[in-house]
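The chain below stands alone and is given as structure tokens, in the form predicted on its own.
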């Protein structure tokens, strides 16, 4: 089967608000940029769009997808999930041999959602049964954070270190609207928003659309001289409506299973750490970064916080984690959050990351989690 590569990418937004554009306009802007050297009407065989009706506030929102991404009267379908799940679908489509070039778009415009907390409450209803009425429905993430801390003897300071690292990393990144120069003491002195995390350790929301174009190996050189290869990709969903009963707090089994699948697809045996130069991983909550690093096996269980403390994950460290600033600096773009991590890894590998460009990197790991309450994860391995 043909290898699969990313041959184009475009984005628009990464702002707290984009009042001048609708979500369809965002989709058009990112797709137009991704198609700089590609004719979508002739070169692209199929289109994948990732969105969810509840976020859009429109029933059957996928009806709005084809026109702005160039898929009108062409094979177009929607994945109700994170954009990195859409990348997995496109990857499989090309691997099947029936498609040569597939575009994937995902977007989020949370600034227009007036009832964001109510959507989370509705989604979490099967977990805690509506009469509970918590003040913040994302308290669920706090339960995972507490369990992770207790199991691995992690200190409150380690979660704050993640925020300090990523908020400061984002100062180099033009897409990081929420970056700030901050110290460990400032984070530790802040009030808890969701125990045991302060506002600095919980990623805010931002508006963005991101579009990627994937191609089979035979067609890559038609579009670019700098392809980024998807060596492996894996995905997993841990639980459905029974998360409270089945979920093991403080772990992320779906992330572990997704990484195993990605490694099998990539044909990797042995130490994955030797394969990866840097990683862009889930950090919408500070505890999720070290937990993800352990679940994808870049660190042994209980060791990620020690490596963080030594500086291994810093921008110039042994294994840079989220050199872009991650979601803590760039925000959560709803279903486009995974594509934001992929975008940052892609730009690093084609040496176009700007002021936060790493030196001498050729292999990356990208990992995303769809967030409370789905426990869906996707992991991808990339090489230049």
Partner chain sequence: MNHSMKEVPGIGLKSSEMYSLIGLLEDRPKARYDFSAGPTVSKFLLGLKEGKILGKKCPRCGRIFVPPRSYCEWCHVATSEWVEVPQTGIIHTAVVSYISAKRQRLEKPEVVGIVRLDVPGYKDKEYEFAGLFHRICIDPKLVVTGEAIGMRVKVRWKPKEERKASILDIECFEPIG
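Computed from a prediction, not measured in an experiment: that's the story for all the values here. Numbering follows the first chain given and starts at 1.
What comes next is about the form predicted together with its partner chain, which does not appear here.
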Point to revise | Contacting member of 314, 143, 138, 119, with respect to its partner chain in the predicted bound form [4.5 Å, heavy atom] | key: 119
Review point. Want to guess which of 342-350, 28-36, 355-363, 324-332 is within 4.5 Å of its partner chain in the predicted bound form, heavy atoms only?
Key: 28-36
Check your understanding: Is its partner chain in the predicted bound form near all of 190, 204 and 283, within 4.5 Å of a heavy atom of each?
Key -> no
Check your understanding: Does residue 171 reach its partner chain in the predicted bound form if we count a contact as any heavy atom within 4.5 Å?
Key -> no
Check your understanding: With the cut-off set at 4.5 Å between non-hydrogen atoms, does residue 320 touch its partner chain in the predicted bound form?
Key -> no
**Study point:** Heavy atom of residue 217 within 4.5 Å of its partner chain in the predicted bound form
**Key:** no
Review point. So in the predicted bound form, does residue 183 come within 4.5 Å of its partner chain, heavy atom to heavy atom?
Key: no
Practice item. Give, in sequence order, every residue of 17-48 that has a heavy atom within 4.5 Å of its partner chain in the predicted bound form, or say none if there are no such residues. Key: 18, 19, 20, 21, 22, 24, 25, 28, 31, 32, 35, 40, 41
